[in-house]
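Presented below, as structure tokens, is a lone chain in the form predicted on its own.
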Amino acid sequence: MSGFLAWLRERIPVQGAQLHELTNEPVPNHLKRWWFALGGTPAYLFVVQIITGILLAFYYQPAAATAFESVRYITEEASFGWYLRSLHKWAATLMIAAVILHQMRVYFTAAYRRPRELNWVIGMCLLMCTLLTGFTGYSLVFEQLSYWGATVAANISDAVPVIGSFAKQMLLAGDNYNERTLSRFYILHAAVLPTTIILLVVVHIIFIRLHGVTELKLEDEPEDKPKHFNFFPDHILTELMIGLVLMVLLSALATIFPATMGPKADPLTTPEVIKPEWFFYVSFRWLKLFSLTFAVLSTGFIVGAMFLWPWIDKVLRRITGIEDISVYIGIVATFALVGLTVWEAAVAH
């Protein structure tokens, strides 16, 4: 064994002290509270998505003639296929929720302010990619609702000025849903978007390492208590506990509420009600309240404002003189988002 260790040290010349120093960055005390440690939660769920997605890919066939039947085979015949598909579905749901909650935490703690503006933009890019991954994954089942949901989404994107027609053609691989559309969705869902997310996460972590974690002063924190604790093993143990809880939760959800099959997509029969996934309820309700042009333009304006919020926040604070002006705006926006989501969820589909 000593000979093997000597051989290994010669080829990987990293000393234990160097590795300890590299991984043991001091972490602010507020990260001991799990709701401040939401950054690792979507990363863990993303790993679950990658593993279950690879296993599902062994059976899935991305073509209009075979997609529905391959998903049915996974769900009803393949050994533990129902469990893997359900894990994949629930991990996606929780990942989207975790990314949204993490972005909200960053917003309400003003962790996007100088010098972390670019990391906020990276976070917004991650949120958009996560939503797109959820949308493309939902469309792969080739059910009635997923087929017509994708068709409606493409038609909505067509209403975007200048780039709308191009975006629709890129999404559908043509002017309308065709035999190449599912393979386009599959490549986006299984390759392009996951690779983009991984690259964004790497850049996100690099920025965190460069700037450090935003330090928050909590009122119940004693003055004589150390302000930091070790990343390894203390924070790693916190993340491991969160991961174990998530695995139990995912298994319970996958078992109690397994993924099911709806009617196969029928391009000739439009369903009476087209239902999106829950994370698009807000947009769907917004479209119902206003004209298509206004809804699309206003949605684009809101998303653009969120990307630029660190600079908008700076201007608002200078104009109003209110340091927490973004918090008040965020509270109103959160109530609006929750209200629109609940409103759309309560409508009979």
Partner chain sequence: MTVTAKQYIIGFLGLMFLASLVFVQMMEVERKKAESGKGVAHAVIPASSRSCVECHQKSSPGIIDHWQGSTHANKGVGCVECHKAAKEDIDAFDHYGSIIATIVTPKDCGRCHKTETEEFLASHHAKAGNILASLDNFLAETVEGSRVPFNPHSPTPGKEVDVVNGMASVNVGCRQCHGSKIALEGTNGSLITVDELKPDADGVPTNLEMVSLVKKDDNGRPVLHDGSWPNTGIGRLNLDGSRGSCSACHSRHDFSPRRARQPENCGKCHLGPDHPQKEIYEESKHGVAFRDLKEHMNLDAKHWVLGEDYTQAPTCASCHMSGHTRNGGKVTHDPGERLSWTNRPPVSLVMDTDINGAVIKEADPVERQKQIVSSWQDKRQEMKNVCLHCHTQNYVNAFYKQYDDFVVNYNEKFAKPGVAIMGELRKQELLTKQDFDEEIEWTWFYLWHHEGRRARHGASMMAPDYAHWHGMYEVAERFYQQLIPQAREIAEHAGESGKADQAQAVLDLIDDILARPEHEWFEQAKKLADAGPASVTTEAVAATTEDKAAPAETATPAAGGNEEAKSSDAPKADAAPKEPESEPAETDGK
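Only a predicted model underlies this, so the values are computations on that prediction, with no experimental measurement involved. Residue numbers count along the first chain shown, from 1.
A second form of this protein, the form predicted together with its partner chain, is not displayed here; the remarks below concern that form.
Asp234 belongs to the set of residues with a heavy atom inside 4.5 Å of its partner chain in the predicted complex.
The closest heavy atom approach of Gln169 to its partner chain in the predicted complex falls outside 4.5 Å. Its partner chain in the predicted complex comes within 4.5 Å of a heavy atom belonging to Trp82. Interface membership of Glu179, defined by any non-hydrogen atom within 4.5 Å of its partner chain in the predicted complex, is ruled out.
For the options Thr195, Thr270, Thr255, Thr260, the one in contact with its partner chain in the predicted complex, meaning a heavy atom within 4.5 Å, is Thr255. Taking a 4.5 Å heavy atom cutoff to its partner chain in the predicted complex, the contact residue among Leu127, Ala78, Met104, Ala173 is Ala78. Stretch-level contact analysis of 88 to 96, 132 to 140, 244 to 252, 116 to 124 against its partner chain in the predicted complex, using heavy atoms and a 4.5 Å limit, identifies 244 to 252.
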